[in-house]
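Form predicted alone, single chain, as structure tokens, below.
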């Protein structure tokens, strides 16, 4: 939508459909001038502003009755630094579109998750990650960020200001509208994907050895079968090959146990995910992962046997972002899924109690039921983040009621809507 177009109110829903909002206006700026006009106009009205990304968060991070921005027209890889390999990317670019552009420059992202439909700014802002302690999340790859403040000014934050970079590399959109990101990349690489079924104890007990030996590793526990499927990635020079198969139903072995495949990394990482679901994920200290996973298994077998979607187990290195759920320590992440049209809250709440007992922190983009007091306890560097936020958004424009309830908006004079 251009600057002079008449804005039209549109309802908004996230990908899963569990979050809905009625913004006063949803704008799709086609240029930075359009974006500046939208932000300044919202500031003059005293209206809050959120950015929708691709809607792949299950928490109401984007919900607002103020101005909602869709940056999908601000997309593409702008440049790749020949000396460092760092790629400058416009904020609305979808992860799925980055692979071919980076490959043309001989580069690739060091890691990805198994969904690639997110906007890159949203993936960075929520700490979205893949698996493996050797390579970090999208937030950990950030080397510089350009963002727009409430007065329309563009500000660049890079490694010359390390504390603000630690804040903006996982900011939940609270510091301004991200417009460009510069991410570290690696030389383009191919991966061999292998999967195999294992008994639960054998898989869990041997997982760290597998994860240490491979570039990436993760597993799913399938409640209906009480079996695990271990997936590993190893770099290879082999020629690409794969056997195409239709997407199997959630909770089935066929969905996860697949023939070997080789391809460029950006084609191997993602999986097909067309069945709408909701998700809760907690990040736990590495040593706490196995015990927590065993308790979740027991919980689902004894109290929630009707929930048969897979439970995902991954690892992550410690990361420096002020709001990183890892808080700088090597971690395990455990993710529970359920169809969006089936009951999920009883299971998720019961599992959350287990994760909390094991010193867990929730993924910012996924479901949890914590309050501001618990968040403050879990994030000792939250005061530092809030101080940076107060300097960058003194009117509190880039927030909403959900983030304010979590204590992430700080003390501002503007209402969080």
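Numbering follows the first chain given and starts at 1. If you're wondering where the values come from, they're calculated on a predicted model, not measured in any experiment.
Note that the form predicted in complex with a small molecule isn't included here; everything after this is about it.
Q: Select, from the options 234-242, 152-160, 101-109, 167-175, the stretch whose residues sit within 4.5 angstroms of the small molecule in the model of the complex by heavy atom distance.
A: Looking at the partner contacts, the answer comes out as 167-175.
Q: Taking 4.5 Å between heavy atoms as the contact cutoff, choose which of 51, 39, 367, 354 touches the small molecule in the model of the complex.
A: Exactly one residue meets the criterion: 51.
Q.
Using a 4.5 Å heavy atom cut-off, which residue among 326, 338, 182, 128 comes into contact with the small molecule in the model of the complex?
A. Selected residue: 128.
Q. Does residue 331 reach the small molecule in the model of the complex, with heavy atoms at most 4.5 Å apart?
A. Although the small molecule is absent here, residue 331 would stay clear of it in the model of the complex, with no heavy atoms inside 4.5 Å.
Q. Does any heavy atom of residue 61 come within 4.5 Å of a heavy atom of the small molecule in the model of the complex?
A. Taking the distances in the model of the complex, the answer for residue 61 is yes, it comes within 4.5 Å of the small molecule.
(Q) Please tell me whether any heavy atom belonging to residue 363 falls inside 4.5 Å of a heavy atom of the small molecule, as the geometry stands in the model of the complex. (A) Flag for residue 363 set to yes.
Q: Give a yes/no on whether residue 121 approaches the small molecule to within 4.5 Å in the model of the complex, heavy atoms considered.
A: Yes, residue 121 sits close enough to the small molecule in the model of the complex that at least one of its heavy atoms falls within 4.5 Å.
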